[in-house]
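Encoded as structure tokens, the following chain is the form predicted alone, with no partner shown.
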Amino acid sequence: MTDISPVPLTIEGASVLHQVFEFDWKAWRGSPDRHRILEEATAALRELEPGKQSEGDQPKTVQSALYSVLGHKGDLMLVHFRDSVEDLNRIELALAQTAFHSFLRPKFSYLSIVELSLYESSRKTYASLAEQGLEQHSPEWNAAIEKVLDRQREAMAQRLFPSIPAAKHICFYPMDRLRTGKQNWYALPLDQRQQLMHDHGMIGRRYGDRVRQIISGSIGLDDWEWGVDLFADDPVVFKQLIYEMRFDEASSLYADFSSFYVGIRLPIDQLEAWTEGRIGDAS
């Protein structure tokens, strides 16, 4: 049906902020008040780390996590998952009040919102509404779409508001879908994009026992269209998964990638050891 909307339905959840900092090692070594500064910093970070209390005997969800970044792109990365962008801004402001923050130099940040694209059900929903004679974007059509989205939000609440996995390593990268010349993702028919995303997703599912993936949308929020977080105990799986996906048509023809940021989980109580040049086992 040519009158089917080309836009896949999406549902959104947690607001996400990645903060990458360079650490001023020279200033830190020259500071006479390191112990007090660390006490204040670790207290502030511990307060941010746990989020909402889960039901029963389950532990609190982790909504902020600290990582030691490998390479020249930074030294520390903070990842925050919250209910709103206002909550993210409160975190930024709270951390800026600590003395430890004066030793941090911003290198990179990324704002996004956890997103699930409903490619599999979008066309069925659009076709069903067309068969009912509902005009696209009419009040009746909008109300019907919202009912569908409400059901999906309820069914996928845990995926929309996830806890940050306890894995030892993180790999984060922003990405776009190409829209140049004949390689324009947004000019493809919905059915074709649905099939490409299905095939793309099947690759990720084969790695589901080794890596946790969280996709967040950033169109209109930051410089790229999506952010991808991968969490795994073995960083080699990042290479294996992304390499295999490069051969997938959705990536090989229509994907453009930004920089990759890889970090090792740094428990808050190991921050002092980190400032001394030591990093322990994050398991």
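Here the structure is a predicted model, which is why all the values come from computation and not from measurement. The first residue of the shown sequence is 1; numbering continues from there.
Heads up, the form predicted in complex with another copy of the chain isn't pictured, but that's what we're talking about next.
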item	value
Contact residue in the model of the complex, from Leu221, Ile37, Ala44, Val228 (heavy atom within 4.5 Å of another copy of the chain)	Leu221
Contact assignment for another copy of the chain in the model of the complex, among Arg82, His101, His200, Arg212, heavy atom within 4.5 Å	His101
Close approach of Ala155 to another copy of the chain in the model of the complex, 4.5 Å, heavy atom	no
In the model of the complex, Phe108 touching another copy of the chain (heavy atom, 4.5 Å)	yes
Partner contact for Arg123 in the model of the complex: another copy of the chain, 4.5 angstroms, heavy atom	no
Non-hydrogen atom contact Gly181 with another copy of the chain in the model of the complex at 4.5 angstroms	yes
Sequence-ordered list of residues in 216 to 252 near another copy of the chain in the model of the complex, where near means a heavy atom within 4.5 Å	Gly217, Ile219, Gly220, Leu221, Asp222, Asp223, Glu225, Trp226, Pro235, Val236, Phe238, Lys239, Gln240, Ile242, Tyr243, Glu244, Arg246, Phe247, Ser251, Ser252
